[in-house]
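The chain below stands alone and is given in structure tokens; this is the form predicted alone.
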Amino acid sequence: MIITKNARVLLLSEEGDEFLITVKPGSRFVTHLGIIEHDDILGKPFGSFVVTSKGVKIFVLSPGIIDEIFNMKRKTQIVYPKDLGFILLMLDVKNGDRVIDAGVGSGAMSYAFARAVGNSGRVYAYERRSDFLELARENFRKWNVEDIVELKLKDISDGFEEKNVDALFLDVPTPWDYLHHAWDALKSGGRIGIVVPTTNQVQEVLKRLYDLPFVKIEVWEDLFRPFKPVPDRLRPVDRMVAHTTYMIFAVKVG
């Protein structure tokens, strides 16, 4: 694939330095490794390389969703990538689905939902703070999903405008207060996902879920341990990201 103007590009040095940029004709990107001319990138295929003004070789790659999320503008804590993929699978989000994301923050989870539902689906992203909403809108525009995600500046205590959605995700401080609204918005057999940071919050959510017609209730925590990719010294890295969130899932019945 040839790189054109406004393309998102991941620049990677042989030492592992990474930079994420949007390619614009006539622009230049200044780093401690030297200057990279955008015009040197335009027209090249992804996987090729350019050389900086200091003679440093830089690979030009197509960024993945993880690259975008780790480099995104944000004002809030995001759903960590190790949890994000599991949430997509547990909610069974697929092409053409309609999904509600409540508590959009900077937009990482909505972005993942948008990629999964595709152009034939729809993501309804609720946020009560206008500054978070505008930042998410900026990120969605950069990621080219603004036509899939419908942003709503709205307090979900008033309920959701959509009905019969396939999945609903709650990332708000007191999700148990909105479970009845979530049940009303979901289709029969629709799936709900909830994230909370502490065990007492998990307990509160579970109490309310059992008061409503939800089944297949599960609680999960992901623990990932990365390894150093050195053939002669293969071992875990010195530090790992341990607890990030508790994830609760259930299916609507009745």
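We number the residues from 1 along the sequence you see. None of the values given here were measured: they were computed from a predicted structure.
Keep in mind that the form predicted in complex with a further copy of the same chain is not shown, yet the notes after this line are about it.
Heavy atoms of R191 reach within 4.5 Å of a further copy of the same chain in the model of the complex, making it an interface residue. Using a 4.5 Å cutoff between non-hydrogen atoms, D92 counts as a contact of a further copy of the same chain in the model of the complex. Though the partner is left out of this view, G159 does not reach within 4.5 Å of a further copy of the same chain in the model of the complex, counting heavy atoms only.
Among residues of the shown chain, V202 is one whose heavy atoms approach a further copy of the same chain to within 4.5 Å in the model of the complex. Taking a 4.5 Å heavy atom cutoff to a further copy of the same chain in the model of the complex, the contact residue among G26, G55, G43, P229 is P229. Contact with a further copy of the same chain in the model of the complex, defined as a heavy atom within 4.5 Å, holds for exactly one of L212, I35, I66, V50, namely I66. Considering a further copy of the same chain in the model of the complex, the lone stretch of 82-90, 149-157, 99-107, 122-130 in range is 82-90 [heavy atom distance within 4.5 Å]. In the model of the complex, P197, T198, T199, N200, V202, Q203, L206, K207, Y210, V215, K216, I217, V219, W220, E221, D222, L223, F224, R225 are the residues of 193-225 with at least one heavy atom within 4.5 Å of a further copy of the same chain, listed from first to last.
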